[in-house]
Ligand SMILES: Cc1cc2nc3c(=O)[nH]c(=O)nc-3n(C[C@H](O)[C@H](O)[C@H](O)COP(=O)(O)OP(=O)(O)OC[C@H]3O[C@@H](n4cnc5c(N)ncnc54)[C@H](O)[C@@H]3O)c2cc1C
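Read the single chain below, which is given as structure tokens and is the form predicted alone.
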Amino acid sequence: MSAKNSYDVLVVGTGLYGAVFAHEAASAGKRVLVIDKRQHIAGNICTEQISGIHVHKYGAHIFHTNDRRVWSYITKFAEFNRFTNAPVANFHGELFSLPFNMYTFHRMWGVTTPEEAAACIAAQRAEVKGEPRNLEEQAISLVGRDLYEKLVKGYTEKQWGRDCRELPAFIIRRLPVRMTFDNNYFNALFQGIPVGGYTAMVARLLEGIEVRLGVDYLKEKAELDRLAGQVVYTGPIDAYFSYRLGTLEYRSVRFETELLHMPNYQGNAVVNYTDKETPWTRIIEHKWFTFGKADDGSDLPDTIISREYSAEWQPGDEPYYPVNDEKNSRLYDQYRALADKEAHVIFGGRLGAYRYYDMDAVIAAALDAAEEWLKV
């Protein structure tokens, strides 16, 4: 670090990756500055309290992991409740259990035993010959055509804005299918929601660290780069390089959030609308992430819902999901080659690495990157 640097590291972004890296660097005695172009911390896991309800400002975030190291780490900054994700699927008013389990199979085919359910799926899987070539074939090979048509096709095409036959097979490989009556979608060893919300958790990660909000790194890059010898960048990798090789594609999400003067709107935190005709992909009822209770344990008389609409990303929108098809993956590899030449910049997070990350994977990646950097 040269004498002109005021900080050892400049962290761009207060989401999980940036907050964890900043905490580790500061704990090691490094001088850290964290900036974010938004006027709040916590990135897309930001929660804000409205009428006593912790609202997930950028869509539902349910923490789940089998990684004991990550769980041990993050629980130093928040107590987690026992929330278990058990979403419901609504297909033109027909309700099905998600994940696909015995409740789902009984509702679809009237079967009552795992043997009967397995036989129904096996008979329908047979239409896919060889290795699945796209998402449609992958889904049918997992659950058969009936479940695909009612519970996968419409939802997925709304989410990605593409025909399922144009989407890569790997997107749906995480689809949980169980021959039990277990409604736990993630089936993870550890899961829950931080008591007090995600923003409070991130605030504890950043405690004692200088944070500047409303600062656009790319607009002030030259000046900001002079402040520190190391930059940790968690924004879009193509934007960092001024889109010189082209624009990576993302899906964005738009929310319509309402405060309703009723105690219970849908009876569940997450309801997916799996038909193509319903314009939203799902409705989140935020109070059920905390079992309908305020922080003091009292009942909440009102409720808040958010309808989620998926859309193609346009400049100025918030990018949510990278479109990891073959074309975009090739373009990302070219940007990655440019990034590797930036000796004093670490690219991280879902935008910096152009990949879909669960929260536990983001934390693990940030811990690994910080450990590696601190060795130097």
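On a predicted model such as this, the values are computed, not experimentally measured, just so you know. Don't overthink the numbering: it's just position in the shown sequence, from 1.
Keep in mind that the form predicted in complex with the named molecule is not shown, yet the notes after this line are about it.
Not displayed here, the named molecule is approached by residue 58 to within 4.5 Å at the level of heavy atoms in the model of the complex. By the criterion of a heavy atom within 4.5 Å, residue 365 is excluded from the residues contacting the named molecule in the model of the complex. Using a 4.5 angstroms threshold between heavy atoms, residue 274 stays clear of the named molecule in the model of the complex. Residue contact check for residue 218: one or more of its heavy atoms lie within 4.5 Å of the named molecule in the model of the complex. Each of 16, 321 and 356 comes within 4.5 Å of the named molecule in the model of the complex, counting any heavy atom. Picking from 143 to 151, 297 to 305, 161 to 169, 228 to 236 the stretch near the named molecule in the model of the complex, with a 4.5 Å limit on heavy atoms, gives 228 to 236. Scanning 19 to 53 for heavy atoms within 4.5 Å of the named molecule in the model of the complex gives 35, 36, 37, 38, 42, 43, 44, 45 in sequence order.
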